[in-house]
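Taking the form predicted alone, here's one chain by itself in structure tokens.
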């Protein structure tokens, strides 16, 4: 019964989110919210790797791109079914994450961040130079909409439901991982690698699994992005995207899946405030878009200085203080 009470708010929120197209008919707003849903999928993976396991990664944009190009090429060029293309994208990204974890698994802190950053830059060069496969700087076009047999998600409403449906499933899977033994292993790894090893946890294997899971979810997000936009180019998978994802985790709160989702929603909607806030001056929107990367960096600095545990941590502290007053 207690589990049911705990799950009811999450179910209610999921139902409200998925039912939004019944009440909102603004095509632009639905597209924006679809992009935010893709951010949520990717951030859930980074939350497991960074927020729970404590393994910082600046290479998520590379895995996002691997997923996008894998599904885009297989479906648009080779005629694979959409589901098969997405499955291949997740598998390819997860395999790349596992392969990256093997050599960098012994690194920590800023050394690990620099290694993953180097991987991201190598992937970006590959996306640009493999013109016969990716289209190079001209990009890959003609990527079809998501489709299951004769049913294709061709409208913004259908795309929205698809993306947020996938995000809901990803959240449930991530929540179960966190609640069970793998989640305890990730938290132990975050606390102390030596302590985790002393408790019988295979640290190397846990890191490989964490990197693979985070990369797989990034690849899933990339595949969804490719089929929703219909065109991809290397410019979509730069370091700026990786930094944005880390900023989302920092803002929402380390070690909190709801916090990660909240951070993704808040920062993901920032460049599109004109769709969310009617009547916002065009000049204000242009300023936000021009200084977008700077705003993300400023958010990271402010959060680290004044709210190191993010929004989720601040709310937990507030609840404890109120409980103490009583």
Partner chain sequence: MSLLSAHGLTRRFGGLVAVDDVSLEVFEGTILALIGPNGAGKSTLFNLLTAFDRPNAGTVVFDGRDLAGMPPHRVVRLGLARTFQNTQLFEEMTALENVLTGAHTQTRTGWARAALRLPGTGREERLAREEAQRLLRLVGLAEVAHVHASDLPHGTRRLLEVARALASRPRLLLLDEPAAGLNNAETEQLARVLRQLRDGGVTLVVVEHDMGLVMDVSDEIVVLNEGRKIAEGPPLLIQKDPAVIAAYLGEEQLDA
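What you are looking at is a predicted structure, and each value in this text was computed from that prediction instead of being measured. Numbering follows the first chain given and starts at 1.
Omitted from view is the form predicted in complex with the partner chain, to which the following refers.
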Quick one: from 141, 192, 155, 137, grab the residue that has a heavy atom within 4.5 Å of the partner chain in the predicted complex. 192
None of 232, 186, 94, 86 but one has a heavy atom within 4.5 Å of the partner chain in the predicted complex; the exception is 186
Verify the flagged residues 196, 202 and 209 against the partner chain in the predicted complex: is each one within 4.5 Å by a non-hydrogen atom? yes
Is residue 213 part of the interface with the partner chain in the predicted complex - any heavy atom within 4.5 Å? yes
With a cut-off of 4.5 Å between heavy atoms, is residue 98 one of the residues that contacts the partner chain in the predicted complex? no
Does residue 181 make contact with the partner chain in the predicted complex, using a 4.5 Å heavy atom cut-off? yes
In the predicted complex, does residue 177 come within 4.5 Å of the partner chain, counting heavy atoms only? yes
Answer range among 74 to 82, 169 to 177, 147 to 155, 219 to 227 for contact with the partner chain, defined in the predicted complex as heavy atoms within 4.5 Å: 169 to 177
Any residue of 61 to 96 that, in the predicted complex, places a heavy atom within 4.5 Å of the partner chain: none
